[in-house]
Structure formats: C-alpha cells, structure tokens
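As structure tokens, one chain now follows by itself in the form predicted on its own.
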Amino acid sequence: MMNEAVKLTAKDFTSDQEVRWCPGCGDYAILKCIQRTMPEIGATPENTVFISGIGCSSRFPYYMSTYGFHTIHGRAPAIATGVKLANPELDVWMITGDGDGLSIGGNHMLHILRRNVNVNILLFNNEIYGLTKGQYSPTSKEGTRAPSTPYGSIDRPLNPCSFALGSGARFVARTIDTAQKHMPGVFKAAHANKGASFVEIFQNCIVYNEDVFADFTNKKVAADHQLLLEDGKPMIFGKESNKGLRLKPGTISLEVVTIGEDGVTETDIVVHDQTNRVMAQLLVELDRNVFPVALGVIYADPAPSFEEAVHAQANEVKAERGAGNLNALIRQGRTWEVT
C-alpha cells in the first residue's frame, strides 16, 4: 500500500541558519511569507532552488531549506537560466534587489525576461544600496542624499515594472513587504505563470531609507493610496470604495474620479484586464503624488517558455540526425597532439 503524502509546513522550508538582517528589516516579512507559501503551492524542498546575486536580499537562499546558490553581483539571472535549462523540472526562484538586479545586473535581467525563462523573479526594492551602507541606487528618488550623493541624487530613477514590461516580460506584479495577506496571492500567481514572472516588492530599509514608501504603505493612508488590482474587476479604491480610475474622454490617459460625483458611476471605471499591455504600462507609471499605487498582478499574458523551446529544438534535431557523439565532435577537423 502506498504511503500518504506528507503534508509540509513552513518549518520544512526553514533552514537552521541564523537570519542576519537588521532588526525591523522588511526582508524578514518576505522570508516568512515565502516559507508559508511554499507548501501551499505544493513545492518540495528537494525540487526547489533559490538563486540570488549580491546584496541584503541575496542572503535569502541561506534561510530556505531548499537547494540554493548565492551567486555574484548581478549575475543571478544567468545562473538561474542555466539551472532551468539543465533541469526544467526544478522550481526556480530568483531573489534580487534594486541595485543588484537593475544596475550591474540590468543587462542580465533584460535577457531572462525577454527570453521568458520559467523563473520566479522577486525584486526587493528599497530604493537604496543597504549592504554597502546606503549609496543611492537606480530606483532612488531624485534628491536622495546618500554617501555617494551628499548633495542629492540628480539621476532620474528607474521604474522596475516599466523596465520589465519594456524588456518583454509576460508577467509583472507588485506587492509590499508588510502585506502578509496580499503577498501570498501574488507569489502564487507568479508561480502559476509558466514563464518569467517579475514581482516587485516594496521593501523598507529601516537603517538607510526608512519609510520611503510610507506615503502609500502607512495603515492610515493605505486605502486611499493603494489600488489592489483584480482581473475582471473595476479599478476602485479608497476608504469608502468610492474612488476609481477612468480613461479621460478622447485619450489613453487615466484620471481619478469619485463615484457619485459629476455623474460618475461604476460603469465609468476601467475594468482591469491583465492581458492588456498598454494599460499595464499606464498603471506602473502612475504618479503616486496624484494616483494610487497599483498593486497585485498588473500584467499576465503567458507565452511558451525559453527552456521549453530549447529542449523541443534539441529533441527535433536528435530525431532527425540521431544522438550526438561528444568524442567525435571534439576530434572533428584539425587536431593536434601535444607531447
């Protein structure tokens, strides 16, 4: 008689390593959420791999009781691609930060997204370099004062989700480190997507960039400054659930309106269609001084993954030409014998 499958818990994905982040860091909340989510998606430690680059977030693999690889700065996408190509059956997660993933690793990030490698990419965005003591990062706001910009950054910040969409990502989502009820749903949706899943997580760096997202994450203002997207549902938000986004008449730009004022009804509110790339681009670029921050699955339009295509091509060639011979390959053409 076959044994019943053992039901796993968060503890089965928790390693014996001491977690070494600053007290109060948002990374703790993300780690706990991932550990809780793993058994809920049917993951198993022996079939799961966490790969990271360099930075505070990249300590993540040490704390997961799974396979893991702490790689070098910015190169996690290349390693993750290799792992997925070598064994497509593995469940691969990539952990990176705004500096690691979008500065030195920007080129690698672009290619894993455009190729649509079936990897779940979690980008922790705290708008600062935390591990190296607070230098400004590609996502830091203009005017950010840091050791590397004592008079304020003059760089225009990079928008991670806009970058992902521009790179050809087929799945783009956002969540917040403290949103323990919201995060699991986003992680599950990312995991269910067969292809590259890009998730930006707004993460608070309590030491070098504290409360940089407080204008929309603070509990007192969250309802009026967060737009929780649901596919097929109107884009409504606010404490009274009476605010929404509609298209300005005759344009492709959005505006905030109040239901019940100036003749506005719920039918005027844009209904979220997560397959609409144009709308996704509008949502990720909303000015949060005027608009709410779009959270949840912003864009999801699956396509065949890179590793599927690679292995399908290899199988076609094998069927046509037979199995290769490595010994014959390395001895073809001119050879030399060194004595």
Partner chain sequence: MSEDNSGSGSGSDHLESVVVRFAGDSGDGMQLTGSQFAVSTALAGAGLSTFPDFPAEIRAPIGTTFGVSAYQINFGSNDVMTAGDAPDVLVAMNPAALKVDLPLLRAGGMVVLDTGAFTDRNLKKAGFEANPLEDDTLAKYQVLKIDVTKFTLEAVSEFGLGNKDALRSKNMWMLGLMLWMFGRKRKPITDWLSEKFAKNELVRDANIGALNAGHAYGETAELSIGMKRYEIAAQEHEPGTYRTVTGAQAISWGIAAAGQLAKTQIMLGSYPITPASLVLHELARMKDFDIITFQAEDEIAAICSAIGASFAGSLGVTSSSGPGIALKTEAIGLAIVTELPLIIINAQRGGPSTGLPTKTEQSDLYQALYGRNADAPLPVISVRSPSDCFYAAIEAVRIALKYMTPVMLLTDGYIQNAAEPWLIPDMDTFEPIEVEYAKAPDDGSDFSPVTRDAETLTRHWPKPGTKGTEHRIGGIEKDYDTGHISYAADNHQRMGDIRRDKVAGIAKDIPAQDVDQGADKGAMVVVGWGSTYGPISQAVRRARKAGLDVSHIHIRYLSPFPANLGDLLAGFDKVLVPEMNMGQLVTALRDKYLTPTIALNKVSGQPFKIEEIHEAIQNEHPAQAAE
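Predicted model, so just to flag it, every value in this text is computed and none were measured. We call the rigid core whatever largest set of C-alpha positions still superposes within 1.5 Å between the two forms. Residue numbers count along the first chain shown, from 1.
The same protein has a further form, the form predicted together with its partner chain, not shown here; the description that follows concerns it.
- Screening Thr66, Ser305, Thr37, Gln274 for any heavy atom within 4.5 Å of its partner chain in the predicted complex leaves a single hit, Thr66.
- Within 4.5 Å of any heavy atom of its partner chain in the predicted complex lies no heavy atom of Lys11.
- At the 4.5 Å threshold, heavy atoms of Leu31 stay clear of its partner chain in the predicted complex, well away from it.
- When its partner chain is considered in the predicted complex, Asn107 lines it closely, a heavy atom lying within 4.5 Å.
- Taking the partner from the other structure, its partner chain in the predicted complex has no heavy atom within 4.5 Å of any heavy atom of Gly26.
- Residues with any non-hydrogen atom within 4.5 angstroms of its partner chain in the predicted complex fall in just one of 194 to 202, 87 to 95, 152 to 160, 221 to 229: 87 to 95.
- Taking its partner chain as positioned in the predicted complex, the residues of 40 to 71 that bring a heavy atom within 4.5 Å of it are, in sequence order, Pro45, Glu46, Asn47, Val49, Arg59, Pro61, Tyr62, Met64, Ser65, Thr66, Tyr67, Gly68, Phe69, His70, Thr71.
- Arg331 shows a C-alpha shift of 2 Å or greater between the shown form and the other one [criterion: core-superposed Cα displacement of 2 Å].
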